[in-house]
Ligand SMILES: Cc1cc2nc3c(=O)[nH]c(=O)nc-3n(C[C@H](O)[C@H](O)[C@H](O)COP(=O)(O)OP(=O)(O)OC[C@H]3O[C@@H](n4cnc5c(N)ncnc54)[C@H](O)[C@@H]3O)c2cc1C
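In the block that follows, a single chain appears as structure tokens, in the form predicted on its own.
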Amino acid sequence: MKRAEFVIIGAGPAGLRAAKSLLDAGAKVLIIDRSDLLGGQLTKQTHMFFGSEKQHASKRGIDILKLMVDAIIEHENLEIITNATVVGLYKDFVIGYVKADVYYKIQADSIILATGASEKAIPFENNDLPGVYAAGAVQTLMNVYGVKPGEKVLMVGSGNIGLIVAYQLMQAGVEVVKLIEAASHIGGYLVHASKIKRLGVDICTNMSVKRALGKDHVEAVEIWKLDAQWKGIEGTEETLEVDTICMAVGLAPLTELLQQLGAEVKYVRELGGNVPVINQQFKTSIDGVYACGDVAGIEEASSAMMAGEIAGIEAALSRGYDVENAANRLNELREDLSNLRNGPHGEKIRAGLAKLGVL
């Protein structure tokens, strides 16, 4: 069986930054990712990032990705396995993965889980019609493959993802007929909402999808208002002529592998669902196993990058590597991460982390 010192599962922003920290310390790193492209969500993020200059503010996600990949791709201690799906994670740190219909096993000394999250969906009649998409699929079609998902879109969800994807659709020449939100307020940054409202898109709160209409694909959608208990109100229905319904209704951490391993997991609504119980080092309840990025709680990509760097440094230190200026770097990263979580938009994250005892 093949052996590896550090195995990172997931090559998104958290996994790539963790790899950089480990490689800088002199460790040998193996990255496994199910995609053929490194970068996770960054591969489709064409918008500019907020935050500090250290976390690449004012750069586009795809440009940040290039910087991160260029920083590690030629390193002699790095091995990358793409198009590989990890299907097993066992208590003796054996990792099973499938690539090209062949099952492989690797024995790891330490593991960093950076598996990210999956998109949530909402139930409504005919939600399996062609033309019903999650926002990530729409971004992949447009920003990775250059394919428009449709011509007339209803956007469901006003978080940052929904607002950003709505704007990207309009940039691609797609008509966003309306944006609806089940909550009573817009969930994302108002700067994003203002941008699409200036372009003539109505943002309607307390509203959801009742049913999709069409025989072989989406031809229209029926929406309705919601009451205080989030139930549809009969008589408030409105029919819109659209060929696409795009859902941006949240993410759920992908913790299945951690649960298979036996790591302690807790349901924390504010962090997106089941998340691993971690400490400030991003160490799980199992010694030698770390979790960072969206798998540990849904946040921004900038947070995932900082979390990955912290996890990488801590993992290197735990195995006796000499990390240059480690204490100062960790203090600085934790301070930057805390600053990013400040303010009203970080309130939910702070509440969730408090439930885990991290804050």
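Source: prediction; values computed, not measured. From 1 onward, residues are counted along the sequence shown.
A second form of this protein, the form predicted in complex with this ligand, is not displayed here; the remarks below concern that form.
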Report summary line: Picking from 158, 115, 244, 284, the single residue whose non-hydrogen atoms come within 4.5 angstroms of this ligand in the predicted complex is 115
Report summary line: Picking from 207, 257, 186, 142, the single residue whose non-hydrogen atoms come within 4.5 angstroms of this ligand in the predicted complex is 257
Report task. Evaluate residue 22 for contact with this ligand in the predicted complex, applying a 4.5 angstroms cut-off between non-hydrogen atoms, and reply yes or no. Result -> no
Report task. Classify residue 34 as contacting or not contacting this ligand in the predicted complex by the rule of any non-hydrogen atom within 4.5 angstroms, answering yes or no. Result -> yes
Report task. Using the partner position in the predicted complex, report whether residue 304 sits within 4.5 Å of this ligand, counting heavy atoms only. Result -> yes
Query raised in the report: Using 4.5 Å between non-hydrogen atoms, is residue 299 touching this ligand in the predicted complex?
Result: yes
Report summary line: Only one of 103-111, 161-169, 69-77, 211-219 sits within 4.5 Å of this ligand in the predicted complex by heavy atom distance, namely 161-169
Query raised in the report: Which residues from 1-25 come close to this ligand in the predicted complex, meaning a heavy atom within 4.5 Å?
Result: 9, 10, 11, 12, 13, 14, 15
